[in-house]
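Below you will find one chain, with nothing else, as structure tokens; this is the form predicted on its own, and questions on how it binds or moves follow later.
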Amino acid sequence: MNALVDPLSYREQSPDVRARFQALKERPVVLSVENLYKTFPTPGGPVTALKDLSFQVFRREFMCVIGPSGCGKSTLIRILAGLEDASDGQVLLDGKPVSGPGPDRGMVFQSYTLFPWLTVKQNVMFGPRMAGQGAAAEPEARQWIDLVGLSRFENSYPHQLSGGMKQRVAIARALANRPRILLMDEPFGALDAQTRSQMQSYLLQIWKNLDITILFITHDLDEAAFLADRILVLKANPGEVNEIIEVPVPRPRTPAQFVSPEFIATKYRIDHLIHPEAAHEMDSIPFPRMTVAGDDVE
């Protein structure tokens, strides 16, 4: 394989990157997915969304999950969150089976899921209050609001916030329960490019300073290569493990690395797995010519 599309070659060339992944694999396993299947009934018969999916996420790892449309990314994260049941296999958090939603898993969705009738502070206090913290819920909430840089807006309502600010509140609300793992389902997908870049930077800063493990669903190749330690690439129809890529881009990450050979190699490798050449040929569709001869644009 051409080294340009092989991030492993860059990892092997860098002793620092090799040491980082060796240290990662020596950490405790926080999340373990074992032989996971998910089948949905349909009028035309059962459809398998996830097939024999197995992988592990280590403590304080940042793992991204990416794949073609229909690969079951959102189904997977809903099972991990306990919002759906698997058809077979199991999910273990710290060695214990996941059997439903729980405060040990924080969840951030793509859509804005804040309670519109509550202020920023009240939204972030919701989890601690439900856990019975009482008066301690307010200082706990303020700590997380400070962390995401929204202290000035703690008494604002969601409709008064920008999209990026709403997602920062959603992250603070998820972290206020002090979960073992933060599950994020394309949380920046609805944001404009500039805000998305800012949110990626915020998230890396939060992750760096907290004892938190992150599993992040995305459809964006740049985002996956920029954020992740490892990238789980899924096949489509049904979703199963295609490859797990160890990202050789050194940390701390900066936007300047978007043009580094390691970053480009990682991005090309993901693209090759998601869009193989055969698929590109299959994607072409017949279309009648509707312009005059000689008016070509390619």
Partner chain sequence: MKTDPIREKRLREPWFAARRELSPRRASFLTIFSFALPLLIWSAVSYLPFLWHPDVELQISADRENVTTVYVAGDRVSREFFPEFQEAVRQQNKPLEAGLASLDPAAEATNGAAVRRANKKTLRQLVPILAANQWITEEQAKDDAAIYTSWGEIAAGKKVPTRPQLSEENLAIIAKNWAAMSKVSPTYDSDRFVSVPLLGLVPQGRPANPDYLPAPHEVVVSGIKEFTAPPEAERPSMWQRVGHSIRIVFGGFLLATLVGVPIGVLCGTYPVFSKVVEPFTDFFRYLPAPTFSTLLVAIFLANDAPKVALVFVGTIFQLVLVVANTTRRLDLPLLEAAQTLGANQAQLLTRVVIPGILPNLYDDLRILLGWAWTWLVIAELVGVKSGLTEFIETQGRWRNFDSVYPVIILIGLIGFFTDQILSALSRIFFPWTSEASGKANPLAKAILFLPRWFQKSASVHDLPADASGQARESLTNRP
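Positions refer to the first chain, counted from 1. Keep in mind the model is a prediction, meaning the values are calculated, not measured.
What comes next is about the form predicted in complex with its partner chain, which is not displayed.
J.: Can you tell me whether G127 touches its partner chain? I mean in the predicted complex, with a 4.5 angstroms heavy atom cut-off.
T.: Yes, contact at 4.5 Å.
J.: Closest heavy atom of G89 to its partner chain in the predicted complex, within 4.5 Å or not?
T.: No, G89 sits far enough from its partner chain in the predicted complex that none of its heavy atoms falls within 4.5 Å.
J.: Can any non-hydrogen atom of A174 be found within 4.5 angstroms of its partner chain in the predicted complex?
T.: Looking in the predicted complex, residue contacts with its partner chain include A174, since a heavy atom lies within 4.5 Å.
J.: Tell me, yes or no, whether G149 is in contact with its partner chain in the predicted complex, where a contact means a heavy atom of each within 4.5 Å.
T.: Residue-level check for G149: yes, a contact with its partner chain.
J.: Among R142, H219, R180, R78, which has any heavy atom within 4.5 Å of its partner chain in the predicted complex?
T.: The option sitting close enough to the partner is R78.
J.: Would you point out which of 219-227, 91-99, 67-75, 165-173 contains residues with a non-hydrogen atom within 4.5 Å of its partner chain in the predicted complex?
T.: So the stretch in question is 165-173.
J.: For this chain shown on its own, do R105, L114 and H159 all sit within 4.5 Å of its partner chain in the predicted complex, going by heavy atoms?
T.: Result yes, every residue of the spot touches its partner chain.
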